[in-house]
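Okay, here we've got a single chain as structure tokens, the form predicted alone, with questions on binding and movement later.
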Amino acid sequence: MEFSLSEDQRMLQDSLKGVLSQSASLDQIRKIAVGDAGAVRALEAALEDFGLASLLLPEAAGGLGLGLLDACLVQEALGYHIAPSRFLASALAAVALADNPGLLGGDAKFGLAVTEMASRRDGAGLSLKAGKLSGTALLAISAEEATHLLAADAKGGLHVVDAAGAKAAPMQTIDRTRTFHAVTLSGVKVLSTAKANDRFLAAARLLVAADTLGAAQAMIDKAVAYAAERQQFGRVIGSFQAVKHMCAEMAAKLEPGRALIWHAAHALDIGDAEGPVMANLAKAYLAEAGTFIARTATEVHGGMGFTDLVGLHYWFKRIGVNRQLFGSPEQARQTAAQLQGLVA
């Protein structure tokens, strides 16, 4: 039995990495982090030319109809290059509207206002009444320039609304590589209702885990490269046993997460009942492994790890936000336990 990626999947990864290495260099990310609209548009144009938005769209909507495993490979590459992208929102819209793809094609651009599916602050949340949504959703993703919003109400229902009826105010987080919004709706008519199920939240958490996988791998690569060139006492620090152990421990922490993500994505793609459980466990594991790697990679760099010259803080903060996005590791484990009937 073949457990590795297919030739097409490896080609997808390599091609996307080539695009991102040019369009999402650290210098470009620095510009994006300070709000350079030109840098954002240049990256969006490069990803649009690549055809990223159409990868998960069903063929009936003009897409390629690829699966969640392919989406995880894409999100991993985006995390590795800490690139902002509409891909997460597009992919989850395709998952939610798989049985009703009519809204996905054409020039549709989706934003996500589903954070309240996992957690909610006082005063936030959307309510559905007479076919209209009202309220405020926090940490909305890709809400800027969206044509449609995929929004979750307080009872967990998923709805599509016209983004023109939403007011979006930027929400600042520690992660400057992505922009989040507080989205307010006031009696906005629902265009379509999607089926909210275990697979949707599992897919959301799995894609965030894949993003963390990529970001953590980048931090390991940077730590290993730095250890191989930085000298102390006439020797490269990578020759010191303590530094070797730190790098080895990071690699050992990350690799099981990669296998877990691939397994969970494949299980979700084939409709295996184990898929949602494994996806939630993948989110929980990568959240904690990613935090460990972010801290350890910074330690390997010493004082240089805190400078903007190296730029590790962009990956560090992205991993930190991913830890809480769509639910903390504790919440993901709770969901996995509920799915298995281990808790009420």
Partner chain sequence: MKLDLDPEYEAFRANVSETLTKNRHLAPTSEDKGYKNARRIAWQKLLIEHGLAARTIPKAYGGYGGEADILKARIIAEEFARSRVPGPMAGQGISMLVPTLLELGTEAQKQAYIRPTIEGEMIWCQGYSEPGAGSDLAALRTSAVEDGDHYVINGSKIWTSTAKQADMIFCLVRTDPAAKKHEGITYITFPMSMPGIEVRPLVDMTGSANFNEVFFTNVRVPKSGVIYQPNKGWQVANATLTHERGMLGDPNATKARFLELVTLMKGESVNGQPLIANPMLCDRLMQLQAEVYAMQANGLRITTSRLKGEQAGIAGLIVKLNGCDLNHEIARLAIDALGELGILYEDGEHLRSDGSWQWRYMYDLGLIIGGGTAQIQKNIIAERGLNMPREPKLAKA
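Positions refer to the first chain, counted from 1. None of these values were measured; they are calculated from a predicted model.
Missing here is the form predicted in complex with its partner chain; even so, the following discussion is about that form.
A.B. asks: Since exactly one of Pro256, Gly271, Gly131, Gly102 fits, which has a heavy atom within 4.5 Å of its partner chain in the predicted complex?
C.D. replies: Selected option: Pro256.
A.B. asks: Pick from Ala168, Leu97, Leu260, Ala163: which has a non-hydrogen atom within 4.5 Å of its partner chain in the predicted complex?
C.D. replies: Of Ala168, Leu97, Leu260, Ala163, the residue with a heavy atom within 4.5 Å of its partner chain in the predicted complex is Leu260.
A.B. asks: Is there any non-hydrogen atom of Leu281 lying within 4.5 Å of its partner chain in the predicted complex?
C.D. replies: The answer is yes: Leu281 has a heavy atom within 4.5 Å of its partner chain.
A.B. asks: Whether Tyr285 contacts its partner chain in the predicted complex should be assessed with a 4.5 Å heavy atom distance threshold; does it?
C.D. replies: Because a heavy atom of Tyr285 falls inside 4.5 Å of its partner chain in the predicted complex, the answer is yes.
A.B. asks: Should Asp14 be counted as a contact of its partner chain in the predicted complex, where contact means heavy atoms within 4.5 Å?
C.D. replies: Contact with its partner chain, no.
A.B. asks: So, Ile174 and its partner chain: in the predicted complex, are they within 4.5 Å at any heavy atom pair?
C.D. replies: So Ile174 does not count as contacting its partner chain.
A.B. asks: So which of 106 to 114, 174 to 182, 81 to 89, 240 to 248 is the stretch with heavy atoms within 4.5 Å of its partner chain in the predicted complex?
C.D. replies: Every other range fails; the passing one is 240 to 248.
A.B. asks: Three residues, Val188, Leu191 and Thr296; all within 4.5 Å of its partner chain in the predicted complex via heavy atoms?
C.D. replies: No: no residue has a heavy atom within 4.5 Å of the partner.
A.B. asks: Taking its partner chain in the predicted complex, which residues along 221 to 237 bring a heavy atom to within 4.5 Å of it?
C.D. replies: If the 4.5 Å heavy-atom criterion is applied to its partner chain in the predicted complex, 221 to 237 yields Val224, Ala227, Arg235, Val236.
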